[in-house]
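Single chain ahead, by itself, as structure tokens, in the form predicted on its own.
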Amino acid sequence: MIQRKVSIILENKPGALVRVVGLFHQRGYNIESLHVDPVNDLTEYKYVEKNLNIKLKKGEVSHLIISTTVNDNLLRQILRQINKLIDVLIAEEVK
């Protein structure tokens, strides 16, 4: 088991954070730390706009970073499950 950080860009809508945290709870994964910020400078997230063919607006998305301790297989499973959530634009491991 290795300490991992998962970076999630999600729509800033009511219930979005609860769904992500709920996924961890339902699967029995432990969240060691959680940090959420609204995204005001969208220049860093142009790759999300390009990959999803959308136009992001200031205050429309949040950046969520979750620290957890999991192995490689569990991390892949967590990322697949998070990316299926409706308000999540992209979830990836922070290297």
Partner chain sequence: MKLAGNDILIQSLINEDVEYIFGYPGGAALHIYDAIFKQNKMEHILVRHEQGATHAADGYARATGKPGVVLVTSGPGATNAITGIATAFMDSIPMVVISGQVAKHLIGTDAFQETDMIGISRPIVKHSFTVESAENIPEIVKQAFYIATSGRPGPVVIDVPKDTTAPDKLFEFNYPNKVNIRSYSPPIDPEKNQIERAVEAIISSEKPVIYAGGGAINSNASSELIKLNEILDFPVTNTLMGLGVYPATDPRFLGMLGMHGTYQANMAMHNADLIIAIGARFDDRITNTPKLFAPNAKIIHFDVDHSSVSKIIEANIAVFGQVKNSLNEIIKLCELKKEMINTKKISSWKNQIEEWKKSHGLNHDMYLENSDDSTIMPQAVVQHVYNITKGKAFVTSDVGQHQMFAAQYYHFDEPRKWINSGGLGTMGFGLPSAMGVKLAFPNDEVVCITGEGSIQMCIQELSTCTQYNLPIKIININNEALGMVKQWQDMNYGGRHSESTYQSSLPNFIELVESYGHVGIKIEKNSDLKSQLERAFSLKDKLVFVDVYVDPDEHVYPMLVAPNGSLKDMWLDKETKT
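This structure is a prediction, so every number in the text was calculated from the model and none was measured. Positions refer to the first chain, counted from 1.
Only in words, not in the display: the form predicted in complex with the partner chain, which the text now covers.
Mapping the unseen interface onto this chain, residue 71 falls outside it, with no heavy atom inside 4.5 Å of the partner chain in the predicted complex. Among residues of the shown chain, residue 91 is not one whose heavy atoms approach the partner chain to within 4.5 Å in the predicted complex. The partner chain in the predicted complex is not approached by residue 58, whose heavy atoms all lie more than 4.5 angstroms from it. Using a 4.5 angstroms limit between non-hydrogen atoms, residue 33 is distant from the partner chain in the predicted complex. Across the proposed site, 2, 37 and 65 without exception lack any heavy atom within 4.5 Å of the partner chain in the predicted complex. Contacts of stretch 26 to 51 with the partner chain in the predicted complex, defined by any heavy atom lying within 4.5 Å, are made by 26 alone.
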